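Given as structure tokens, the chain that follows is alone and in the form predicted alone.
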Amino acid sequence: MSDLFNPTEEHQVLREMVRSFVEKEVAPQAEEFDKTEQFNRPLFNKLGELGLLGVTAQPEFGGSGMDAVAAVIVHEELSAADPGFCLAYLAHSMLFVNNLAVNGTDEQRARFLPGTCSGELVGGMCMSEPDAGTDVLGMGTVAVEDGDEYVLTGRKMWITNGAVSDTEMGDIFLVYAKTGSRDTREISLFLVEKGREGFSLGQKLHGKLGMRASTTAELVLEEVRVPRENLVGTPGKAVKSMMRNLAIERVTLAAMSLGIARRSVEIMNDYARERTSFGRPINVYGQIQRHIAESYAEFMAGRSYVYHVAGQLELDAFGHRVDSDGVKLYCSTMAKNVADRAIQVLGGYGYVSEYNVERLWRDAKLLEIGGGTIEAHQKNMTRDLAQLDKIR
């Protein structure tokens, strides 16, 4: 019988490699970069050396050519030590690299994937705006055709990797914009590079509750001219590619929840074995046993769901949205609850940074909001389930 979590030898080797890298390189720096709210660019570049920045991209363009399960493995392992750094990785590897690998032309892939797969370039995706998040069709950014160019005007908000420092923006972005006017429902997708006139860093956001090791920024487009060859896909038809990429985004965000939950279970289990109260280890008391046992069971239920969905997900096709939404709906809240229980088991030690669970708890909350709110998932799933006669 195959291993659901490591279905092939290649997956097992990948997990062992990433876990070793995380223990040696990622875990030791996590607390520092959370406190300083900085993006660890040298560490990010090491992911490129390992072939992880283009984990699902085609080998001929610098990628590793692996599947959705591989992407889930990487996100679970990275997030177990540093969810903030992992979020920066997700925005680059899934929202930019995978998106372009699936939806771009060979010419576009050849121009932009080698640099983003190596880590030379940091990429991101611009969809949300100050007044438009879940309501994608409410976006105000417009791309007007002008000869062989498009002129983009608007503001994008909450952009992960929008800044790589307090003053420097990321290198390359996939930007969604309405084509023609704000009244249209037609959305197109464009490649926009740093350095184009009118494309600027509005502000890097500080003081976030969690995910502080990934940068979040506002990006401003003031009549930014991009050549027609930077248009990704068919004009006005980018909602299709957007929905296709949202599936892998949500599955990998759910995988991040797995990393948070797994680490929280490990921390509370170790602590409860070693900490004594009234002369006995605290894991002999029913209140503590409930926290540990329920957390492990919920984690394993979520983990099984995520890997089941990832195993069926084809990156270049539309997945079953009920389940790509479902894994994130379940796992995001599960991870927050498990981290909360870990804090409760550790008591005062859980409330300070020494044992990491307070950081994991802070980071977990974003997963109920980013990449689709839990309310949006509930709406999508209910609408999709209404079309089914039976659940197989």
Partner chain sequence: MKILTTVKRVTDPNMKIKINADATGVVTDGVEYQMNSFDEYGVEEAIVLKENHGGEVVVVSVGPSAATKELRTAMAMGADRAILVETDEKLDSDAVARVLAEVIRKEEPDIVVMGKQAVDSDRNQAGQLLAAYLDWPQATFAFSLEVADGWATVGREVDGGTSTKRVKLPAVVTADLRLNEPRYASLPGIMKAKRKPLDTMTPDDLGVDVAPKVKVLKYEAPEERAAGEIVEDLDALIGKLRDEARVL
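In this text the structure is predicted, and so the values were computed from the model without any measurement. Positions refer to the first chain, counted from 1.
The discussion below concerns the form predicted in complex with the partner chain, not included here.
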Glu274: touches the partner chain in the model of the complex, heavy atom cutoff 4.5 angstroms: yes
The partner chain contact at Glu60 in the model of the complex, heavy atom, 4.5 Å: no
Distance check, Lys24 to the partner chain in the model of the complex, heavy atom within 4.5 Å: yes
Residue contact check: Leu52 to the partner chain in the model of the complex, 4.5 Å heavy atom: yes
Candidate stretches 325-333, 361-369, 346-354, 44-52 - the one whose heavy atoms come within 4.5 Å of the partner chain in the model of the complex: 44-52
4.5 Å heavy atom contact with the partner chain in the model of the complex for all of Ser128, Ala132 and Asp135: no
Of Gln38, Ser64, Gln29, Asn337, the one that lies within 4.5 Å of the partner chain in the model of the complex (heavy atoms): Ser64
Residues in 186-221 with any heavy atom within 4.5 Å of the partner chain in the model of the complex: none
